[in-house]
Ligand SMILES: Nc1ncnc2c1ncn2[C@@H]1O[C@H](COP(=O)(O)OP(=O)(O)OP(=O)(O)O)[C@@H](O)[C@H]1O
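Only one chain comes next, encoded as structure tokens, the form predicted alone.
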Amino acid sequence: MQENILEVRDLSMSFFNQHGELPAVNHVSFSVEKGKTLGIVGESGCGKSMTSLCVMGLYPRPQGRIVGGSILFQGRDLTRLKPRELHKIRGKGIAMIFQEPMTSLNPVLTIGDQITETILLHEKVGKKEAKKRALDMISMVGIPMPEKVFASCPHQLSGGMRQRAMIAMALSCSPELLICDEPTTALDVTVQSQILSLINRMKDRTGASVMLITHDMGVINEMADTVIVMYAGQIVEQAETGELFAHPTHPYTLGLIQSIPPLDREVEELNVIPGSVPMLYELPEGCLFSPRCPYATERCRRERPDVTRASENHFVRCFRHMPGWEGD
């Protein structure tokens, strides 16, 4: 039986403003096995990044608040830790590669200063050893002339180089869980492929587990062992990657897969999912996907479905796979 390094149980996180309570993450449960990659997929606004920020304890405060559930990392509930205790885990136990390194890296500090700061914070080493480790990490992620990059500020590097530097920083203390939040955003296709290959190599070399957050189903198919599909703050489908692509069950998952351009033929028009993800203050009364779903019935618009088992280790939140479905 595989051991889980992370277990998220019934997690709910809400924002509070003039509209009242707005559920950004709604009763989310999943686990990450040691040495495996969990893919989290969905459109922008589906709660993917907010879920990862809850794990890191970096969700916006005081507007945001975890209102239920637990986040167990190696058996410790991160939601109950004091800020100082959580600070010790970030970077050492759990590290994160953010969407846009230009806004995540400090613009006035060199890449070397930022990586060595992380090492000095979590490892009992001197400045000389920290610099050596930083240079080793810069070289390990495939950056040529590590000394030059070490002395460079973020704006002096290309997007791909900044992303590699971010990966070097995230892996500098050998974290056991690496969260990658849209790691290939705004990169060209060639650099995207290089970054994804690099993440896989680093995972194999360090034995880290990975949470990969993306809107790209092609990336999920290539990288993930298991997948959760999120929509409007909820998990709507969860399965092993091969099972999900062979038997997509939720209409939203099906729409995401069908929107992938085929490589074996030309198409005049790509498949699209009509409409957009609802705002948190405009969530529909029934199934959250019902306004965009081609199979929605009156029951779908009136009630919210619970999670049901589509097959072994394959779960879905849809009335079509519950007893008594009267649709097509």
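The first residue of the shown sequence is 1; numbering continues from there. Computed from a predicted structure; not experimentally measured.
Unshown form predicted together with the ligand; subsequent notes refer to it.
46 is the sole member of 293, 55, 287, 46 with a non-hydrogen atom within 4.5 Å of the ligand in the model of the complex. Partner contacts here mean any heavy atom within 4.5 Å of the ligand in the model of the complex, and among 26-34, 47-55, 294-302, 65-73 they occur only in 47-55. When contacts are defined as a non-hydrogen atom within 4.5 Å, all of 15, 182 and 280 contact the ligand in the model of the complex. Looking at residue 79, you'd find every heavy atom of it more than 4.5 angstroms from the ligand in the model of the complex.
At the 4.5 Å threshold, heavy atoms of residue 221 stay clear of the ligand in the model of the complex, well away from it.
Taking the partner from elsewhere, residue 110 is found to have every heavy atom lying beyond 4.5 Å of the ligand in the model of the complex. By the criterion of a heavy atom within 4.5 Å, residue 99 is counted among the residues contacting the ligand in the model of the complex.
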